[in-house]
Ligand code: NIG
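Let's start with one chain on its own, the form predicted on its own, as C-alpha cells.
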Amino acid sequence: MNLIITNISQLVTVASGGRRLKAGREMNTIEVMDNASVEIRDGIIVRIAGAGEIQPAATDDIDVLDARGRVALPGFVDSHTHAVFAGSRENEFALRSEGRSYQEIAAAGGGILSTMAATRAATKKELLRSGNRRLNDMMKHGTTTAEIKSGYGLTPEAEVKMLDVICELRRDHFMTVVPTFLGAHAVPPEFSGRSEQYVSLICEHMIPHIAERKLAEFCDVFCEEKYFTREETETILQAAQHNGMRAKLHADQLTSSGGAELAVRLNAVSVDHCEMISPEGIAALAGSSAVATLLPGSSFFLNHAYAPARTMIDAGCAVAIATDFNPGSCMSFSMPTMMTIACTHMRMTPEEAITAATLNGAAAIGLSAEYGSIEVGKRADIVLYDVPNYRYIPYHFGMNHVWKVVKNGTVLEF
C-alpha cells in the first residue's frame, strides 16, 4: 500500500543509524521529530520529513492519513509470548492471593502442566481461533510483531500441533509472527524422574522433525531448578543449533542458575527473565551481542522480584521488554502496561522503555533490520496514539490510547 501520514505532532523514530540494537545509555536516545510526515511505498518507509513537505502528485495513487494532534511510535515488538494455549488459570491467581507460591502450585499439578493438559486436549481449530482473537487484541494495543512459543504440548504430536497453529497464524494474520520451539518448557508427567529420556526425545526426535518442516526459527529452554539443568539446556540448544535453529533461554528467573553466562557462551540471541541474574551474568551480557529480554508483567503478576534493569543498562547491556503473555504468570498482552511497570518498578526511563519495546525487542528475534524503528528502508509498522506526547503513554496506564495501527503500510480497521 502507498500512504502518506501527515501532520504527526510528535514522531518517535527510535532511529538506530543502521545498528542492530541500542545498549546501555544509548537506549535513552529515541530521536523525536515534531510536526512530521512519513511517506510509504509498497509497505516500506521511503521518506520522513516535516509536516506539509510531502505532498501527493495529482496523478499519484497514494492515500493520505491526517494524523493531526497524534503521536507516532514504531509498532511494539513483543519478543516473548506464549499466546497459543487452551484453558485458563484464574484459580491459581486466587491461590496466590491466599499466599500460595508459584512453585507450590506447580508441585500440586498446576502451573505449566495444567495448561499442558488443556492444550493437549484442544484441537488445532480451537487453538487457531483463540490465537487469532488474541493477536487481534494485541494489535489493537499497538503490538505489530510478536514471537510465539510452543511448550504447552510436551509430546512430539502436541508440540507440532502448536507450531502448526503458530505457523498458520504467521502465514494468514496481519501480525508479524515468529515461531519458537519450547519443548523444554517442563518435564511432562509421563517422564517424571526420567528427564534425561525426555531430553533425548527432544534432541533426537522433536528438533530434527521440527527443523525439517521449518516450523520454528528459535529453540528456547527453561533453564531453572526443577526444570532443566544447565547441562541439559546446553545439550538441547546445541542440538537445535546443529539443526539450524537459533538459541534462546528462559534463565535466572527463580534462582541464579548461571543461565545468562550459558546464553552468552552459546551465542544465544536473547536471555529472557533475568530476575535473579548474578553480577557475573550481567557482566557477561554487557560484553556480548545477546539481548536481555525482561518481563516486568510476570514479576508484577506473581509478586516476584524484578529484573535489575537499571543495573543492567548502566553496565552496558542491551535490554528489551516483553509481555510474557501466558495464562499462568502474566495474563496480559499490553505492551504499554509493561512499559509502565518497567518505569515504576525497574527504574527505566520512558525513553529506555520505548527502545526496549521496539528496536531491542526486534533485535531479540532477529528482525531489527526490518522492524522496531521508523526509518527509511524499514517496514512501515507505525502506531498512532491520541495523546499529547509520548511520555503520556506509560504515564496514563490502564487505558488504550491507540488511534490507528499501520501495518506494512496498511491502515488496519478493527
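What you see is a predicted model; the values in this text were computed from it and never measured. Residues carry their position along the shown sequence, with the first being 1.
One more form of this protein exists, namely the form predicted together with the ligand; it is left out here, but the text below deals with it.
**Student:** Heavy atom within 4.5 Å of the ligand in the model of the complex: which of E147, D324, E159, D252?
**Tutor:** Looking at E147, D324, E159, D252 one by one, just D324 meets the 4.5 Å heavy-atom criterion.
**Student:** Of the residues I112, V71, M138, I105, which one places a heavy atom within 4.5 Å of the ligand in the model of the complex?
**Tutor:** Only one listed residue qualifies here, and that residue is I112.
**Student:** Could you tell me which of 118 to 126, 210 to 218, 75 to 83, 160 to 168 sits within 4.5 Å of the ligand in the model of the complex, going by non-hydrogen atoms?
**Tutor:** Looking at the other structure, the answer is 75 to 83.
**Student:** Please tell me whether any heavy atom belonging to F301 falls inside 4.5 Å of a heavy atom of the ligand, as the geometry stands in the model of the complex.
**Tutor:** Answer no; every heavy atom of F301 is more than 4.5 Å from the ligand in the model of the complex.
**Student:** Under a 4.5 Å heavy atom criterion, is T337 part of the interface with the ligand in the model of the complex?
**Tutor:** Taking the distances in the model of the complex, the answer for T337 is no, it never comes within 4.5 Å of the ligand.
**Student:** How about T180: is it within 4.5 Å of the ligand in the model of the complex, going by heavy atoms?
**Tutor:** Outside the cut-off, so no.
**Student:** Look up in the model of the complex whether P296 has a non-hydrogen atom within 4.5 angstroms of the ligand, and give yes or no.
**Tutor:** Because no heavy atom of P296 falls inside 4.5 Å of the ligand in the model of the complex, the answer is no.
**Student:** Kindly confirm or deny that R89, H273 and G328 each have some heavy atom within 4.5 angstroms of the ligand in the model of the complex.
**Tutor:** Yes.
**Student:** If we check the ligand in the model of the complex, which of the residues in 209 to 232 reach within 4.5 angstroms of it by a non-hydrogen atom?
**Tutor:** The stretch 209 to 232, when checked against the ligand in the model of the complex, contributes only F222 at the 4.5 Å heavy-atom cut-off.
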